[in-house]
Each structure stands twice: as structure tokens, then as C-alpha cells.
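Given next, in C-alpha cells, is a single chain: the form predicted alone.
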Amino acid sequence: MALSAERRQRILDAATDVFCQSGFGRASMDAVARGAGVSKATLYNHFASKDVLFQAVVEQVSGRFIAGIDTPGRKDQPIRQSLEEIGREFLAMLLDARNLAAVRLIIGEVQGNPEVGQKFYHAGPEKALKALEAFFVSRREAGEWTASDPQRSARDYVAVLRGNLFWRALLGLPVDSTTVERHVRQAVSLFLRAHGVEG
């Protein structure tokens, strides 16, 4: 039987909480099932293992960002406007309290279990970079972006967006919305100037 969208979301929310509270190694499928209000059999019917469930949690986070990049109508926007909107969505995802807790979890787990870090990277950051790369490819095909390496453009943009905000948030230091907005605008201006675009 197919899993309803509502029940799937309950499971993913419960899994995120359990992973962040207990760590990947100590998290149990029993705890996730209890938190989601489903039977353990139902959980395993749709997520065959803890690894599969963890990947689904990470893909949900990255999926929100990827969907934001692919928003209909964005192709008709000036590139500066598109990059600013993408930047706000990226930082909203990156600085979200639950997502930061997940990153702290990964950092804590990766020394003893390197595969956790690899799975996180492939399911999350790597997919987001590929979505950004596709954005720059489409803008280059439209004649609005002249840099020859869209992959490098994607990496550079993510790096300038993260700036010091990510580390501040990761370490529990305050980051307010005014600071984020100012940072996005400055990051986009810096990025465009570095690529010879005034957009």
C-alpha cells in the first residue's frame, strides 16, 4: 500500500528529530516509529533500513532548495534577481535550526562512520550544487552567463553565500534576518563582479 503524503511527512519529521537527538549511530527505527505514530512494520515497509530513512531525510532538505531554483518564471528574471532569490532560499535552508542540528549530527558521527558523511554529501550538498550548475548552464545557453565552467560558478556562488553566516549559526551565534538580507545582496554583487557581470 502506498504511503500517504501526510504519513510520509510525519515519519520524516520524526526521523529528523530522532537523528538529531540521538545521533545516527544510536538512533533507532523503534523511536522513529513511535514518534511518527506508525507501526514498525509500516516504517520498514517504506524505508527498508535506517540508512535509507536517513537519506530520505537529507533528500527532503535538499529537495526544497532544488525546487526553489527550478521555480517557473525564474528564467525570465534578470540574473541578479534570480541569484538573490536563490541566495535567500539557500540560506533559509542552511540556517534552519533543524538543518543545523542535522549538520552537527553529521560532524559528530563522521569520524567514527565516514559513510554517514558520504551519504549526507551525495544526498544533500552535491544535489544542490548540481541544481545550481544546471541553472548556470541554462543562463549560459540563453546568452546571459559567459563563464565557461558552470560547475565552478555553482561552487563559487555557494561559497560566497555561506560566508561566515553558516559558521556563526552552526556555533549557536545569533544571525538575524536583516543580516541575512544584507549578506545576500553583498554576496550577489561580489559574485557578479568577480565574473564581470553587472546584472
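Heads up, when I say rigid core I mean the largest set of C-alphas that superpose within 1.5 Å between the two forms. These numbers come from a predicted model, not from an experiment. The first residue of the sequence shown is number 1, and the count goes up from there.
The protein also exists as the form predicted in complex with another copy of the chain; that form is not presented, and the subsequent description refers to it.
> Should residue 166 be classed as touching another copy of the chain in the model of the complex when contacts are defined as heavy atoms within 4.5 Å?
So residue 166 counts as contacting another copy of the chain.
> Do residue 104 and another copy of the chain share at least one heavy atom pair within 4.5 Å in the model of the complex?
Because a heavy atom of residue 104 falls inside 4.5 Å of another copy of the chain in the model of the complex, the answer is yes.
> So in the model of the complex, does any heavy atom of residue 11 sit within 4.5 Å of another copy of the chain?
So residue 11 does not count as contacting another copy of the chain.
> Even though another copy of the chain is not shown here, does residue 88 get within 4.5 Å of it in the model of the complex, heavy atoms only?
Outside the cut-off, so no.
> Please determine whether each residue of 20, 114 and 194 possesses a non-hydrogen atom within 4.5 angstroms of another copy of the chain in the model of the complex.
Judged in the model of the complex, 20, 114 and 194 all sit within 4.5 Å of another copy of the chain.
> Quick check on this chain: which one of 170, 31, 134, 66 has a heavy atom within 4.5 Å of another copy of the chain in the model of the complex?
None of the other options qualify; the answer is 170.
> May I ask you to choose, among 40, 46, 155, 130, the residue with a heavy atom within 4.5 Å of another copy of the chain in the model of the complex?
Selected residue: 155.
> From first to last in sequence, which residues of 15 to 51 have any non-hydrogen atom within 4.5 angstroms of another copy of the chain in the model of the complex?
The stretch touches the partner through 20, 21, 24, 25, 26, 51.
> Once the core is aligned, does residue 24 move its Cα by at least 2 Å between this form and the one not shown?
The answer is yes, as the C-alpha of residue 24 shifts between this form and the one not shown by 2 Å or more after core alignment.
> Considering a change of 3 Å or more, are the Cα atoms of residue 50 and residue 128 closer or farther in the model of the complex than here?
Between the C-alphas of residue 128 and residue 50, the gap widens in the model of the complex (3 Å or more compared with this form).
> If the C-alpha spacing of residue 51 and residue 155 moves by 3 Å or more in the model of the complex, is that a move closer or farther apart?
Farther is correct, given that in the model of the complex the C-alpha spacing of residue 51 to residue 155 is increased by at least 3 Å.
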